[in-house]
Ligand code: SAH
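The chain below stands alone and is given in structure tokens; this is the form predicted on its own.
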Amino acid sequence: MPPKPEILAAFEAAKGFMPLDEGLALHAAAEEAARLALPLLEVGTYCGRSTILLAAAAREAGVTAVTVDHHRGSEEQQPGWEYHDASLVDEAVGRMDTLPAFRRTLHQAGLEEHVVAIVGRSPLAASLWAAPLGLVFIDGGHTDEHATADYEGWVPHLAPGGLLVIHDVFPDPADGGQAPYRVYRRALESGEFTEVSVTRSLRVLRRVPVAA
């Protein structure tokens, strides 16, 4: 089912970069994955635009959305880069801090009770994680180092039949960075995943269930 009107309104109002068609595809994947009765995990929170959709699906299914971010901004969000937003700089420390904006986003959407926010580096969080996951959404740093670490850290926790969602997959280098595309190709070439859907730069893959 599509998100409720109030969820769509909160998504549209939130600061972020995901377009509506990709958001709807993410929400549909989250709804499907939530049927496994396992947590849904997002790497790369920013201000919570996509988190709204994961949390809404989690709420309906009675599971939890987990989001991981250090909230200091990715490389392309730093001063002097294309996606820098000066309003998100903490003047007291002179660094990006998207955590207050993220918390406001969840509060305004009425979804705070359905999200566990991990504030820290993705590889460290992954090294401490032990539970199976129904969905892993990779949308963190877009360098090879960061995208690879997110894949290697979190995909081992994805349950059979669970969904791996990767954002900003651009087969043509002229359209964007290649690290998410390389992670996407790695997943497909591993033989562990089949492709479920393609919506612009959003790819949804299913972990092949283990044969009995």
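One-based numbering along the sequence shown. Note that this is a predicted model, so its numbers are computed, not measured.
If you look for the form predicted in complex with the ligand, you will not find it shown, but the lines that follow are about it.
Undergrad: Are any of the heavy atoms in residue 121 no more than 4.5 Å from a heavy atom of the ligand in the model of the complex?
TA: Within the cut-off, so yes.
Undergrad: With a 4.5 Å heavy atom cut-off, would you call residue 46 a contact of the ligand in the model of the complex?
TA: Close contact exists here: in the model of the complex, residue 46 approaches the ligand to within 4.5 Å, heavy atoms only.
Undergrad: Can you tell me if residue 134 lies within 4.5 angstroms of the ligand in the model of the complex, counting non-hydrogen atoms only?
TA: Residue 134: no, not in contact with the ligand in the model of the complex.
Undergrad: How about residue 114 - does it come within 4.5 Å of the ligand in the model of the complex, if we only consider non-hydrogen atoms?
TA: Flag for residue 114 set to no.
Undergrad: Taking only heavy atoms into account, state which residues of 138 to 154 are within 4.5 Å of the ligand in the model of the complex, ordered by sequence.
TA: In sequence order, 139, 140, 141, 146 come within 4.5 Å of the partner.
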